[in-house]
Every structure is written in structure tokens, then in C-alpha cells.
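Here you get one chain, nothing else, as C-alpha cells; it is the form predicted alone.
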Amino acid sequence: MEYLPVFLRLRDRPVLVVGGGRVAARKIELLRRAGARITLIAPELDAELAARVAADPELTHIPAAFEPAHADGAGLIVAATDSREANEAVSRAAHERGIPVNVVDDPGLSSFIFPAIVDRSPLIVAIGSGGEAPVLARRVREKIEALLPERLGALARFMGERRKAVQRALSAPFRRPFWERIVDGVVGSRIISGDESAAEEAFAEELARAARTVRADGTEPLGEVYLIGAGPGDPDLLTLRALQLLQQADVVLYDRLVSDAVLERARRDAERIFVGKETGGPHHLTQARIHELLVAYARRGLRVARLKGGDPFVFGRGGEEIEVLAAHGIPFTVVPGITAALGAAASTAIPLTHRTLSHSVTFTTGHAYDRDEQDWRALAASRQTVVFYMGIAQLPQIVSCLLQAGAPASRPAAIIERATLGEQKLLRGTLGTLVGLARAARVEPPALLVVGEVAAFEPGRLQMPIADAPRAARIA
């Protein structure tokens, strides 16, 4: 992150703007909306800016070229001239005095940049690109602006005026859920539609109901648990429902397969607790202890996200966790995720089934490689795909068992390491060569083993009989 996004309070603060043209006028318009007292330095002003100066008593014009002494006492400086030399002089004077400075369209001379802004005051949305792509930032602003109702600021003011009443009525864990009901419910919709009197009545009823719920028997109501599939690692593969619940959760229990990028999508002030298994090391927490944490946090009235790599019900022990939650009467929601096999297949263009190569797919765990724990003859059969989860540490044993069960050494196999992430690696071979290839490539978990003819599939090679190929392919 090149810039820290902050909101500066500029009301009645002295701000220096250097420049007398249209660009300076745009910056002055923005700064005056924030209440700044502006001193404008420019030998000459264009007609529009001159009229603005004449009409605004909080805007002072000094008809002179910039001198470093002009910067003294300023809280913020903006350079908007068409002279590189003048802009450099302004930047230098600002840096020498420790004053934040923006040189328009020149991030190298600036200590801060202006974001693209969606103004629903007091609600403000700022979008920045680090000065790299202001057109893209403006395009994102347009999309966000189209989504936000014009009266959203009225809702923000309504809520702000009632914060102290809510603090008196509800203890801290229950305020956020209460405000979410206000935003998403009748009160919010009435404010947006302009009916504030009806919103006031609905708010009073909602607050009284929330207070009665907490105080009915002197105990706090149960929270809830969300079992969320985080997918294979790419945060863009999270479902919309997963994102919504991550933003609601007070506590996030996450495992090792949850990428940092996915964890960043959780609510900023949520408590984060690592409950996974370190690579090559012991379990950080036992499954029984994870069960205890889920129950304990939910009994405190909190919303708990149990964030799991892939899908909660595919080698994620989600079934065990909902059994415990149900036994304690704790409500839960299960949100499916893209399991690792599906994500790896999509990101490497390896179809898990294919009409001419594989009629079925089996997901199995690489932990169970002993002959007594797997039907190796079935896994070694032809015209199918077998995906081994968590099998890299046992790769030699898995390959040996498949070969002994009748799979040919020439059967294609592939390893996909860190699927869907920027550092993804794809290693192709056969059952006869894969162990050596994996050793030479120093493959590490998390990685999947795919065994079957599809492991050799490449989209550019025609796999279908010509008679079944698309018409365009036959003509070609």
C-alpha cells in the first residue's frame, strides 16, 4: 500500500493553492466544500477563477509568483501550475516545512494525492490508484456512485444523532447487529425514501425490542456460526454470500489454507484466531478445542465465521462442527466454497471429466494411503479421474499403491501447487515419473495430485473424434 487513505478535517484551516487556471479552480472547489480557508498564489487568474475570488470572502488572492515564504503557516498545499519549475519549487518548500503537498498529476512531487470521491456527506467514499491510473479510479467511482442512493447521507446523519441512545440501551456486542438491522431494514428504507417521521417511529420500536431481548432474563442471546468455504485461495472466487457474512462476523476462526488475501475481506475489527495446522508441524489447536471456541463465542452472543479453505464439507470437517453446534442449540449457516479440485482444474484448464477421457471423478484424501483404508483397485481403474487432497507428503506411497493395484506407469498425472494464486505451479508427468519430477521441483503443500488421462489434456490439442468436433473445426 503506497498511500494511507485518511480523511483530513480542513474546516477553517489555512490551505495554499498555487496556480490561476481551471485545474486550480477544480481543487479550490473541492477544498472549499471541506471548509478550508484558501490563499491563492498566481500572477494572473482566468476569468472564472477571478469571479470566484471576488464572490468568496474565504478565498484570498495574492497576485504574485510563488515564493517559499508563502508556504509558512499553511496546513496543506496544492500546486496546480503549468510550469514544472514552479511546481518543483512549491513541492520543495512544502517538504522543507513538513507540510502535506499535492502537485497535480505529478505523484513524484507529491506527499499526498486527491482520490476520486463519492460524496454522500457525511458518508464519503474515496477511491485511489496511487496516482497510477486516475481514469480508472474515476471509472470505479462512477460505478460506486450508481449503487449508492442519493439520500444515504441522510441515513448516516440519522444514525449519528442516535448513537448515544443506542450506547445507553445496548452493551457493546449488540450494537453492531442492531445498526445492521437499522441499515438493512425498515428504518433505512424509510430514510432513503424521505419519510423520516416513519423512520423515527420504526427506530424507537426496534431499539425497545433489542433492549428487551437482552434484558429478558438477565442473559445475552445466542450468537450464530457461519461455516464459510474460502475457496482455493483467490479472493475473487469467494461467493457473494461468503463476503456478506465475513463482513458481519465478530470473530473469524481460520485455517492454514485460507490465504491472506481472503482473510483481508473479513471485517477490519473482527477478532482473528488461527486454528490451522502449520506445514510440517503439529496442530495449532485440536479439533475438540475448535469446537469449544465455536460454542464459547456463540454463547457470548457473537457472530462467528469458521473460515475454511475450499469447501466446509469436502475434507473440511464441517460435518463434525455442525454436529457440535446442533447439540448445543447454536444456529449455524453453511456457505459452500469452490473446493480445491474445482479451482485447480479451472486455473490449469484440466477438465476433471471429459467425454473421451474420463467418465467420473473421485475426490479422496492422501492421508489414507494404506491398503486397508482405500479401494486401490477402484482408484487404479481406467477412464476416470482421481484427485488426491493432502497427498504430497505421501506421494511415493500413493503412486506405489496405484501401480500395485494395476494402474500403468504411463498413466498421466499432474500436481497443482497453490492453485489459483499468483505463485501457482503445474507439474505434469506420469505415475512412473511424477515422484522424481516432484522431488526435483521441490513441490510443497498445499498441492493437489490429479491422476487420469485428463492430466495430459491441453486445450490446443483436439481430443474429440473429428465427426463430433464443432462445425467450425471440421471446416477448418
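Residues carry their position along the shown sequence, with the first being 1. Since this is a predicted model, take the numbers as computed values, not measurements.
Missing here is the form predicted in complex with S-adenosyl-L-homocysteine (SAH); even so, the following discussion is about that form.
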In the predicted bound form, is there a heavy atom of S-adenosyl-L-homocysteine (SAH) that lies within 4.5 Å of any heavy atom of residue 304, even though the partner is absent here? no
Does residue 416 reach S-adenosyl-L-homocysteine (SAH) in the predicted bound form if we count a contact as any heavy atom within 4.5 Å? yes
When the contact criterion is heavy atoms within 4.5 Å, does residue 339 count as touching S-adenosyl-L-homocysteine (SAH) in the predicted bound form? yes
Would residue 254 sit within 4.5 Å of S-adenosyl-L-homocysteine (SAH) in the predicted bound form, counting heavy atoms only? no
Quick check for you: of 240 to 248, 292 to 300, 387 to 395, 147 to 155, which stretch puts a non-hydrogen atom within 4.5 Å of S-adenosyl-L-homocysteine (SAH) in the predicted bound form? 387 to 395
With the partner omitted here, the residue among 447, 40, 438, 45 that in the predicted bound form has a heavy atom within 4.5 Å of S-adenosyl-L-homocysteine (SAH) is 447
On the criterion of a non-hydrogen atom at 4.5 angstroms or closer, are 311, 315 and 421 all touching S-adenosyl-L-homocysteine (SAH) in the predicted bound form? yes
